[in-house]
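Just the one chain here, laid out as C-alpha cells, in the form predicted on its own.
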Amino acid sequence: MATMQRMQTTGLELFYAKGYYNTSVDDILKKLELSKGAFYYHFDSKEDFFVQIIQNLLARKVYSSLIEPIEGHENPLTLITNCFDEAMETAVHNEMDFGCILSNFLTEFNGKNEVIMYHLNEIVTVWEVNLISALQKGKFNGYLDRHVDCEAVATFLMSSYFGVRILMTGLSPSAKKYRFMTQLRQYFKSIEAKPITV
C-alpha cells in the first residue's frame, strides 16, 4: 500500500507539472527508481494508473479543498468566499503552481479519452451538486435572495474559479487573487437576501 501511495503521489505530481501525454511510464519509474515489473504488478496500464490516481488522490484533494469547507449550516456565501480565498492563497504560495489541477486535466483529456473524462466529470458533478445544495440551503435559511438561480450561480462560480486559477499561473498571482475575491464579494452582495423594509 505504501508503494502504491508513493507511486500515485509521484505520478500525480508529474502529470500535473508536465501533462498526462507528455509524461511516460519511464518518466514515472525513473523518478521513483522502480522497475517496469513493479509498475505493471500494481497497474494494468498508464491509463489504469491515472484512473486510480483520480479516484484515490484527485477526488480527495478536490473534496478537502473545495467541497468539505462549504458544508455546514452557516451562510453559504461566507463559506464559499472563505473556501475560494483559502484554496487560492495556497496556490499563491506554491512555487510549482500550474493552475487548477482538475481544470487542467479536463482540458487535456477533452475529446481524447472518454474513460478518463468520465472519472474527471464525476468529480466535477460532485462539486457542482454540493455547491448547488449549499446555495439552496442558504436560500431556504434566508441568506440568499429567493429569486436566485442556484444552478446558474454554481456554474458561474466553478467556471470563474477555473479561469482565475489559470490566470494565476502567470505574473502577479497575489494581485489576481485579490481582484477576483473583491469581485466575488461584490457579486455575493448582489444575490444575498435583502432586509425587508416596511
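Keep in mind that what you see is a predicted model, and the values were worked out from it rather than measured. All residue numbers refer to positions in the sequence shown, first residue = 1.
Keep in mind that the form predicted together with a further copy of the same chain is missing from the display, and what follows is about it.
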Check: Can you pick the one in L57, M158, L34, I67 that has a heavy atom within 4.5 Å of a further copy of the same chain in the predicted complex?
Finding: M158
Notebook entry, point to check: Considering a further copy of the same chain in the predicted complex, which of A38, V51, L29, L167 comes within 4.5 Å of it through any heavy atom?
Noted result: L167
Next item on the list: Given a further copy of the same chain in the predicted complex, answer whether the residues S103, K112 and E128 all have a heavy atom inside 4.5 Å of it.
Entry: yes
Notebook entry, point to check: Hey, of 38-46, 136-144, 58-66, 169-177, which bit sits against a further copy of the same chain in the predicted complex at 4.5 Å between non-hydrogen atoms?
Noted result: 169-177
Notebook entry, point to check: in the predicted complex, does S24 have a heavy atom within 4.5 Å of a further copy of the same chain?
Noted result: no
Notebook entry, point to check: Hey, in the predicted complex, is T107 touching a further copy of the same chain, heavy atoms inside 4.5 Å?
Noted result: yes
Check: Hey, in the predicted complex, does V92 get a heavy atom within 4.5 angstroms of a further copy of the same chain?
Finding: no
Check: Are any of the heavy atoms in I191 no more than 4.5 Å from a heavy atom of a further copy of the same chain in the predicted complex?
Finding: yes
